[in-house]
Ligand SMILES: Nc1ncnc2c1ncn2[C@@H]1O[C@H](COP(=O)(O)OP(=O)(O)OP(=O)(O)O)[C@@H](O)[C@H]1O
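There is one chain below, alone, in C-alpha cells, taken in the form predicted alone.
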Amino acid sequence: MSADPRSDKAVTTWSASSAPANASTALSRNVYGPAPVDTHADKFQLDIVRLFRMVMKHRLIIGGIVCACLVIGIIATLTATPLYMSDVTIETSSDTVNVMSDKSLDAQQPTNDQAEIATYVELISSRSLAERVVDDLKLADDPSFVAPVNRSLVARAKALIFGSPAEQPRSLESRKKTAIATVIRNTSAKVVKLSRLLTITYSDSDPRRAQRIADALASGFIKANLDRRFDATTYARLFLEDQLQQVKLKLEDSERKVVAYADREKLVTLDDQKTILSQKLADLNTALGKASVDRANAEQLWLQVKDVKDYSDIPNTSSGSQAPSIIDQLRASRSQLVADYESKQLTFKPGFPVMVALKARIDDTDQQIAEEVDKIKNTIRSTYELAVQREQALASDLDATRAELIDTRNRSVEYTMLQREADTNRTLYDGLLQRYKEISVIGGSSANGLSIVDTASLPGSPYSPRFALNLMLALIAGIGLGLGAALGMEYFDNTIKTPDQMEALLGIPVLGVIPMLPADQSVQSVLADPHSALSEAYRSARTALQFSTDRGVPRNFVVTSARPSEGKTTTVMTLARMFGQIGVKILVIDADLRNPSLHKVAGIENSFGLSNYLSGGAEPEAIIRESGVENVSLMTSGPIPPNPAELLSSPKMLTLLTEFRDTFDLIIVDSAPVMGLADALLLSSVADGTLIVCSAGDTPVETVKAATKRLAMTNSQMLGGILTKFNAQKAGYGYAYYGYDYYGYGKDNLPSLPAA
C-alpha cells in the first residue's frame, strides 16, 4: 500500500472506457461541479405518475378546497334569487317596397346581411332602447324593480350584523338610471343560426314583468328603427334645403355677373358675333387667295405684252374684247391694200397718184393697227393694276377682321368663365331641387323590414339557479383550484424532497434514504432494533458505500452537509456502527472545530481531541477514545480553536489520515457544513472521498447545488449523497418501494429525526 493517499485516489479514478457510467466518477472529473439543471423546467415537466404522486401528496389540501367550493356552491345556489326568462322572436326581412326607381334612394338596400343583423343585436342592448322601455312601462316608479331584495349571503350577514340600512329617498333621475342599467344588464339578443331571425331575451325575478319587458323591448326596437329612418329622411331633407338656398344664391350672383360683364363689354350675342367674324374671315381668306392668283396672272400677262410692238406678238389669251377682230379686219384690209399696191406697182410708179393713195391708205391702216395694239396693252396694264389693288384691299380687310375676331375672343374669355360658372350652378341647383322633391316623396314610403314572429310568453319555471350545474361548476372550480394550489406549493417548495430529485439535480447517486422518526422515539432506541426501518436504511447505505467505487468503500472519507442540522453527525455515528457490526475497524474523527457534536452523541467529554493534535499539543494515539461500540473508535474535536481553517489546512491533517491507514480499516471524518466555511473543502481535498448529507423537505436546491459544486472544485471523489428525514407520505404516492410502510413508518407517524 502506498504511503501517499493520493496514490489510492489515483487508482480509484475510473476512465470512461474501463468502468460503467457512474455519477460520482463523472463528478470527480468535473472541477466545475455537476451539469446545471433547470429546476423550474423539471417541476413542470410532469408525467402521469408524477402528477398522481403530487395529487396524493397534497390530497388533503385538494380535498379541502374541493369541499369548500362545493359548500360555497350549494349555499350560493340555495340563497340565489330565482330568475325567469322570457323571449321574443323578430324577423329582419330584407324584402321592402321599392317606391322610387332610383336605387340610391332606397333605404332598404343592405350591403351585408350579417353586418346588418349584428348591428341589430347591438342596438337591442343600447341605452336608448332601454330608456324607451323604462319610460313606456314606468319602471322607475316600481320599487321592486329599482331596489330589489338582495338574498345573497353577504347581504344577509351584513344585515344581521349591522342591521338593515334605512331606505333613503331617491330622485327620479337616480331611479331611472338604475332601471336603465338593470334593463341593459338583463337583456340579451342572439341570431338564430342560418336565418334572419333575432331572439330578444329578458330575465327577471318576476315572471310577468319579464314577459312585459320582453314585449316592450321588441315593440320599442321596431318603433326606434322607424324613428331612425324618419329622422334620417328629415335630416336629408333639411340638409338639401340648406344646400338649395346656398346654391340658389350662388346661381343668382353668377348670372348677375354674366349680365354685367356683357353690358360692360358690349357683348350682346357673343356666339353669333364670333360666328359671323369667323365666317367673314374665312370668306376673306378665300377671296384673298383668288385675288392673289388673279394678280399673278395679270402681272404675268402684262410682263409679256409690256414691250410688244406688233400685234402678232400679243398672246391670244389677252383678247378679252372685240379688239382682236378689229385688228384682224385692219390687217385684212391692209393685206388687200398691199396686194393692190404690189399689183399696181407693176404698172404704176410709186409716185403715181394711185400708188401714193394706196400707200397712204396702207400707212393709215398701220397707224390704226398700232393704236389698237396700244389700246390692248393699256387694257392689260389696267387689269393688272386693278388686280394688285384688289389683293391689297382684301389683305387689309383680312387683317382687320382677324384683329377684330381676336379681340372678341379675348373679351369673351372672362365672359365664358362667368357663363360656365352660372351654368354649373344652374345644373347643381336643378339636381338638388330634383333630389329634394324625390326625398320628400320617399320619406314615408319604405317598409320597416322588422316584424314580431312570436310574442313573449309567461315563463312557468325559473331558469336560474340550476342546482346540478352549479354543483358541477363548483366541483370543477374546486378541482382546478386544488390542483393549482398543489402545483403552486410544488413550484414554490424549492427543497429536495425525494431521492429521484436529488439525483437529477445534483448529478450524484443517492446511497441511502433515511426515514424520519416519530417525535416520541429516539435514534438510539430505534437503532437498538436491528429490524427497524432506520436500521435497515443505514444498513442499505453501508452496502451502497461498499459499491461506491471499483475498490469498494474508500479507506477514508468526509461526511458533510450544505447547512447545519441536517443529520450529519447522526449519520456518521450510525454508519460507523453499521461498519463495525461487520468487523470493520472504524475511526470516527470529529473535524467540526466550530460546533462539535460527536462527543454529545457518544456521551463522552471533549477536553482534548483533534484540535490538540493539529496545534501540536498531543500525539494522535493519545486522543483516540473508545466509543462503547464494537470496532468503533472516536477522536473528538477537542477545545474549539480560534482558527479552525488554519489548523485543518496544515499538513498534519493529511499525516493523520495517512498514519492511521494501517491501524484502522476505515476512517470517517465528520466535517463542518460547506456553505460559508472552508473547513469541509480543506478536509475533502485530503480525503479519499466525500459524502454529502441532505435533509428532505428542508434543504434548498440552490444551496445543495452550490455546496456540491464547491466540493467538486477540490478534486475529491464524490461518493454520493444520503437523504435524511425522509417522509414517504409527504414525498407522495409511489415511494413505498423503499420499504417504510413495511416497517411501520409510512402511514400514521409524523416523525422528526434529531439533527446534530
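Nothing here was measured: the structure is a model prediction, and the numbers come from that model. Residue numbers here begin at 1 and follow the sequence given.
Here the subject shifts to the form predicted together with the ligand, a form of this protein not shown in this document.
Checked against the ligand in the predicted bound form, the residues Asn595, Gln300, Thr424, Ser278 give one hit for a heavy atom within 4.5 Å, which is Asn595. Checking Pro515, Gly482, Gly609, Gly220 against the ligand in the predicted bound form, a heavy atom within 4.5 Å turns up for just one residue: Pro515. Just one listed stretch, out of 547-555, 507-515, 134-142, 468-476, contacts the ligand in the predicted bound form at the 4.5 Å heavy atom level, and that stretch is 507-515.
Interface membership of Ser565, defined by any non-hydrogen atom within 4.5 Å of the ligand in the predicted bound form, is confirmed. Interface membership of Thr570, defined by any non-hydrogen atom within 4.5 Å of the ligand in the predicted bound form, is confirmed. Put simply, Ala210 is far from the ligand in the predicted bound form: not one heavy atom of it is within 4.5 Å. Contact annotation for Lys725: at least one heavy atom lies within 4.5 Å of the ligand in the predicted bound form. Scanning 622-649 for heavy atoms within 4.5 Å of the ligand in the predicted bound form gives no residues at all.
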